[in-house]
Each structure stands twice: as C-alpha cells, then as structure tokens.
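Given as structure tokens, the chain that follows is alone and in the form predicted alone.
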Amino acid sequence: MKLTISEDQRELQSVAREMLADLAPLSLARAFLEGKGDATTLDQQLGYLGWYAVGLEDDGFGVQGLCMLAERCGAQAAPTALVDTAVAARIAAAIGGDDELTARVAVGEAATALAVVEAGADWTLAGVEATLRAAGDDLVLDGVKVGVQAAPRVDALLVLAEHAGEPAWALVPAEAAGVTLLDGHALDPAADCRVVELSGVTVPAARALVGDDAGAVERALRVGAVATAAEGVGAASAALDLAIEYAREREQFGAPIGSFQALKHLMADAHVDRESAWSSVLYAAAALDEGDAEAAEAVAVAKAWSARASRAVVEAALQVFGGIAFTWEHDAHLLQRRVLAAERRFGDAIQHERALGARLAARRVGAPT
C-alpha cells in the first residue's frame, strides 16, 4: 500500500491552506454563529478550483487528497459541502444513466447535500421514515430530514428513504417543488444546517437508486466517514496550534506558561493524539484508494480513534487557555464545535467500534480451527 504523500498532494494541501486562510478565516464561522454568515464566495471558489471532484475517477489526488482538503476545512471551521458532495458523487455514479443532474453530481460539478438523518434515525441508516413510492413512471418522495448541511447553498439534495422495504437514494434539485427548508439549530453554526421537508416531491426513476448497489453505497459512506474524521482532526489540530502559541506568549510568575511541566506534558500528549489520529486517517484513505480488502476495518478504526483523539486534543487546548477559551468572544469554541459535529457525522465512535467488532468476530468465526 502506498503510504507516502505525493508532491501533487502536498501542493494541493499548500494551496488549500492559503486559500482557506484567506476565504474562510474563523471570523466567517463566527459570522454564522451570529446569524449573518455568507459563504457564497467560498462556494464559488471550491467549484472553480474543482475541489468537489477531488478523489474521483483516478484524478491522482485520491481519497487522501480529499482528506487533506477536509482537514484544512476543519482547521478553518469552513462552511462547505465538500464531504457531502464527495459522497453524493459516488452514489450518483452508481445510479448511472444519462440524466443531466445525476451526471453533473457524479463528476463533482454540482454541490450536493446529504439528507440522511431524521429525528428518529441516524447514520446507521436504520429506522428511516422518509418514503419513496411509485407513482406511474416516476417516484414520489415524502419525509422530514434534519441536520442537512449547507442546504440553502447547494444545487441538489441526495435523500435517503425507504422503498418497498429497501433503502433507496433519491437525487432531487434543491429548489424542486415540494422541498421546503426550515431553520435548523446545530452545535456547529458554520455547518449552516436546515430541516428539510419533502412533500410529494416528484423523482424521475433515472434519479433513484433502490437497493441495486449496496457495495457502492457502503464505499461512498466510508469515504464520508474518513473525510469527516480528517475534518475533526483538522479542527482539533488548529485549536492545539492556537494553544501552543498562547503558551509561548502568556506569562505567569515571570515565565511563559508553556515552560511549566504540567502544560508541557498536556500539550505533548495532545500532539501524540493528533498525529496518531491523522496517521490513521491517511492509512484508511490509502486503503480506500487501493481497494484493500481491509479498508472497511481501517475506516472504522480511523473514525473511532480520530473522534476520541480529536475531542481529547481540543479539550487539552481549552485547558491551556484557561477560562478565556470558554468565553463567547474566543475562537477556540468554534473549533470545538466543529470537532464535536464531525465526531457524529457518518457514525460516531461507538457505532464504528461496534461495526469493527462485528467484522472481526465474523472473520474469527470463519477462520480455520
């Protein structure tokens, strides 16, 4: 497995660092917190630079490249639909056909939001109440989805629903008749989440995937899991970098607080956590890129460990800052919000630990005695 970072990937990471620092400073995340955020310019630049297509069709960057972009988005708490669009592109490719919207989503030309979670259903994809039913030659979609990120700014929605007892995915234009966006409250305000009501939305059969390719859906969701893991690592890492800078400048008893042994150990442990979490993400991404037989296990490990490690890192950073980091005016809590939001997307640590345990147990049962 190729685990080294290529020069092209390093260049992509460098460009992302500079561009997002310019177009998505933490002040943009704060603007969303205060109800006046506008990510129009950022959205346009992501599309112009082709970021929505990174990792598709053997572009050379791969899922590792997508994770590098996601990590930078997390570090800036940037309001983007980058990860959702990457997942939607893979599911749209499985839908196939010659439908124009589906084709645009499949190649990353249309920003897309995932409408998966409901009040009584999460990323396990169980207990979904939204329905997709036949109506002549078309299908009709009904249901309510919560926590749909960047819903007001995307071109399309990819909705998970139930059809004749099977999971189904329906692709609909964001402004289709019957689609209503309601205000949604989220821990991470920069996610720009909405509640999406779907009432009698007509879906051409060419824009739906009904239990036809579970393997493609599973792979797409694994890409989403590892990319959001990268996003969480990026946010936690940025918080730690801020804390380290603060520890060098803040003085107590005539010395920088970073020279105190207690804080040295705290920051050293946090550094180890973030580096190991990032390594697990890159390994899982490489496994996905190469179609490794153990890619599912690698993704589960990366998502579970990075979720716990990122939370520990950002909490350590808050401790370095002391009480000031808990104030509304400080930026540290914006990064903490992104860490906690990324932790739950595409399944939390417990879900992935259980999935990993089940896969390892099944492998053991099938092993020769």
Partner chain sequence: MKLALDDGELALREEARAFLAANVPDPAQIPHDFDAKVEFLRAWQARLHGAGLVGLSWPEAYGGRGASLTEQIVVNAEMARAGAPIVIGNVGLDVVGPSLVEQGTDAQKARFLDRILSGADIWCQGFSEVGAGSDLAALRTKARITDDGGFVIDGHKIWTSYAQHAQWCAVLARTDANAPAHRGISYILVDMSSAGIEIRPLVQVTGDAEFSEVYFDAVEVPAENLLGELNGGWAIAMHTLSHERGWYGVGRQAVLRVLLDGMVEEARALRRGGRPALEDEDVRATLARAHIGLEVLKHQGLRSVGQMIADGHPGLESSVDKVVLGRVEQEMAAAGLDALGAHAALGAGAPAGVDPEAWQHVYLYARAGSVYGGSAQIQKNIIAERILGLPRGAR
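Since this is a predicted model, take the numbers as computed values, not measurements. Positions refer to the first chain, counted from 1.
Keep in mind that the form predicted in complex with its partner chain is not shown, yet the notes after this line are about it.
Exercise. Going by a heavy atom distance of 4.5 Å, is residue 17 a contact of its partner chain in the predicted complex?
Worked result: Answer no; every heavy atom of residue 17 is more than 4.5 Å from its partner chain in the predicted complex.
For this session: Mark residue 321 yes when one of its heavy atoms lies within 4.5 Å of a heavy atom of its partner chain in the predicted complex, and no otherwise.
Result: Although its partner chain is absent here, residue 321 would stay clear of it in the predicted complex, with no heavy atoms inside 4.5 Å.
For this session: Check whether residue 296 has any heavy atom within 4.5 Å of a heavy atom of its partner chain in the predicted complex, and answer yes or no.
Result: Because no heavy atom of residue 296 falls inside 4.5 Å of its partner chain in the predicted complex, the answer is no.
Exercise. If you check in the predicted complex, is residue 279 within 4.5 Å of its partner chain, heavy atoms only?
Worked result: Residue 279 belongs to the contact set for its partner chain.
Exercise. Among 274, 207, 194, 90, which has any heavy atom within 4.5 Å of its partner chain in the predicted complex?
Worked result: Selected residue: 274.
Exercise. Which of 220, 242, 287, 174 has a heavy atom within 4.5 Å of its partner chain in the predicted complex?
Worked result: Result of the distance check: 287.
For this session: Quick one: find which of 245-253, 182-190, 140-148, 70-78 has residues within 4.5 Å of its partner chain in the predicted complex by heavy atom distance.
Result: Partner-contacting stretch among the options: 245-253.
Problem set entry | Residues of 98-116 having any heavy atom within 4.5 Å of its partner chain in the predicted complex, listed in sequence order | Heavy-atom contacts within 4.5 Å come from no residue here.
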